[in-house]
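Next comes just one chain, in structure tokens: the form predicted on its own.
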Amino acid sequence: MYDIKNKSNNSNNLNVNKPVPFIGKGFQPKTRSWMGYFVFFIIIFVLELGTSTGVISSLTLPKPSDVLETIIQLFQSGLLFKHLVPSILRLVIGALIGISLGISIGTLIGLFSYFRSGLVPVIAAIFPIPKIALLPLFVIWFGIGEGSKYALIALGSFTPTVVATYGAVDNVDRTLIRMGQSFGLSWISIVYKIVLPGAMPGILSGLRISLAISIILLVAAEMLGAEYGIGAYILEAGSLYDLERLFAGVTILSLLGITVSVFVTKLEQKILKWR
């Protein structure tokens, strides 16, 4: 009897000490970049096949090979850079103004009750307004030149950034702040060492949305009074019903959006490597 109990106790001890296998691997995302290229290849292949066989009318959708040929011709003629460089400059300047103001004001709203009480209603009133609808007003205020384009892009990137920033500051774990206070950290040290690093994931998520909105507003702004720019190129191609040029412009915009997304991803990996 004693031996049986001994053996059962030993087996129980073995079961207790045995490590439990980890089964939650499905919640750990893995990078499979080849899948994105594969999906793009399938879409382009289907469109090329459909337009070549006549299943998809050439009056509604051009062949992807013709669009690629148009982009190559744009590159060889130098028109690609004449349209792309002004668009990138407008996007960078306008987005920098809007995002820097958004992060600054959003942080102030998150940290100070007076800023929160005074500015949150104003942001809530501005945020739902379609920014494209304000373009004629900006033209009256800043003229038909570059000023109105910068202002529209800046406002479009400002509102989502400020909302994301003060929301991210609000969501910082208060336990970490109390811990910093208990260790005798100053207010500035708590902000720079605890609040801002803790809010950075939310701020960068808002940055991704702000840049996507900025590209949309860039096209709208360039369709009004711009000689060069991707938006002006698309508007000209659409007025001539030149589908190859139209889709070439849309493809360039898509590549610009992918480039911006890759830039934000690299920025996240660098800033948030502590995670």
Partner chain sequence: ASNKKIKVGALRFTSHSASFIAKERGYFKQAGLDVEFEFFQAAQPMAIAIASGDIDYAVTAISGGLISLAEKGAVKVIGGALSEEEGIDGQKFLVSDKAYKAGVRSPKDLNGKRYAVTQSGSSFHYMGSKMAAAENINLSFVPLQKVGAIIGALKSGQVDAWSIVPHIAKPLSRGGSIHIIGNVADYLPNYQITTVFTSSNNAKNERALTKNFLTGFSKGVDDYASTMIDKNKGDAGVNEMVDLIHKYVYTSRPREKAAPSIINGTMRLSDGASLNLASIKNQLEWFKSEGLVKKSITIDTLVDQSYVKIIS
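Residue numbers count along the first chain shown, from 1. Bear in mind the structure is a predicted one, so any value in this text is a computation, not a measurement.
Here the subject shifts to the form predicted together with its partner chain, a form of this protein not shown in this document.
Its partner chain is not shown here, and in the predicted complex it never comes within 4.5 Å of any heavy atom of Gly50. Though the partner is left out of this view, Ile105 does not reach within 4.5 Å of its partner chain in the predicted complex, counting heavy atoms only. Interface membership of Glu69, defined by any non-hydrogen atom within 4.5 Å of its partner chain in the predicted complex, is ruled out. Mapping the unseen interface onto this chain, Ile97 falls outside it, with no heavy atom inside 4.5 Å of its partner chain in the predicted complex. Taking a 4.5 Å heavy atom cutoff to its partner chain in the predicted complex, the contact residue among Leu101, Leu80, Leu204, Val139 is Val139. Residues Phe75, Val85 and Ile88 are none of them found to lie within 4.5 Å of its partner chain in the predicted complex, as judged by heavy atom distances.
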